[in-house]
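What follows is one chain in structure tokens, specifically the form predicted on its own.
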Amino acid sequence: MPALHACLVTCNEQVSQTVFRLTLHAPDLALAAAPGQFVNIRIQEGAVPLWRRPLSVYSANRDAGSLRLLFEVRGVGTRILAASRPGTTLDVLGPLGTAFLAPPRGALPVLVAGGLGIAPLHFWAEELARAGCRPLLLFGARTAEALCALDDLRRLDSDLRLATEDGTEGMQGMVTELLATTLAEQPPQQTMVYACGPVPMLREVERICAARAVDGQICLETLMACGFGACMGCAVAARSSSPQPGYKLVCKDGPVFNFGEVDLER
């Protein structure tokens, strides 16, 4: 169940020009969080910034009681968060949202990340590896500089493949091209795809997978305020063919959805 936690900042590292990796002492959250879920952080006391900031859980160390988050500085809230020093206490609500479903027995989990979409998929790759299911992790960005936290990814027990649009690291091209090539080598009934990144990337992932009858899930990243379904600020359209058409809330019904559950064209 989501709850408020007073979490101590133990480390705040800058891993690229705009991306930071925040470590919190948060024993209860580390025990409760599952890959795909997120926390909602009150940045500081006072009215500015007014809303909490939702961040995907990047890693959880249950033995050490620590939780790590990966975030990009995009505005006043994340700029303040980037300046948080060890010893700062943050008001954290969580864990929130839905988690990834385990792949069918014997299926290869293929994780597809674009940019900061690596955050929830890094946690998922960690958990799959702990369960003895070595994932294939595809990670793409515009440039090598934007492939953040590669130090962590290379320590994972995974098959890591990279793509950059300018060719400065890994294959030159989009990560979805890497996915198409990968799926051509893999029996569809023995594959489960998980993706997080920009919506155009997720649309293409669903299209490629549908063409090969590969099942999977997407994790949506969007602005939200409350984080638990009260403000209705993160509504997305459900597919008309969904068992429950209309709108879904990313914070409550997601952020993890099955392929085809939400309409990525609207």
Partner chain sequence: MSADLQVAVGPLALKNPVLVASGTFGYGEEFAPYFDLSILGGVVTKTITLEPRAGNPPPRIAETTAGMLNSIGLANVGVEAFIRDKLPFLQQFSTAIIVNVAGRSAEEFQAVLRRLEESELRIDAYELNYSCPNVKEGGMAFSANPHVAHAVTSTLRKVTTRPLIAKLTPNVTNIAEIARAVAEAGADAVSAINTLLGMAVDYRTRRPKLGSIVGGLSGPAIKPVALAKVWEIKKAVDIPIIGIGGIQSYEDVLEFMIVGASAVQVGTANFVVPDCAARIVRDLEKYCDQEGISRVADLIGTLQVST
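From a predicted model like this one, the values you see are computed outputs, not experimental measurements. Residue numbers count along the first chain shown, from 1.
Below, we refer to the form predicted together with the partner chain, which is not included among the displayed structures.
- Stretch 92 to 100 is the contacting one of 191 to 199, 117 to 125, 92 to 100, 170 to 178, since its residues have non-hydrogen atoms within 4.5 Å of the partner chain in the predicted bound form.
- The contact with the partner chain in the predicted bound form, taken as any heavy atom within 4.5 Å, belongs to M232 out of A211, M232, A64, L31.
- At a distance of at most 4.5 angstroms from the partner chain in the predicted bound form, all three residues L4, R53 and M224 contribute at least one non-hydrogen atom.
- Under a 4.5 angstroms non-hydrogen atom cutoff, the partner chain in the predicted bound form lacks P27 among its neighbouring residues.
- Contact annotation: R239 falls outside 4.5 Å of the partner chain in the predicted bound form, judged by heavy atom distances.
- Residues are counted as partner-facing when one of their heavy atoms sits within 4.5 Å of the partner chain in the predicted bound form; in 11 to 45 only R42 qualifies.
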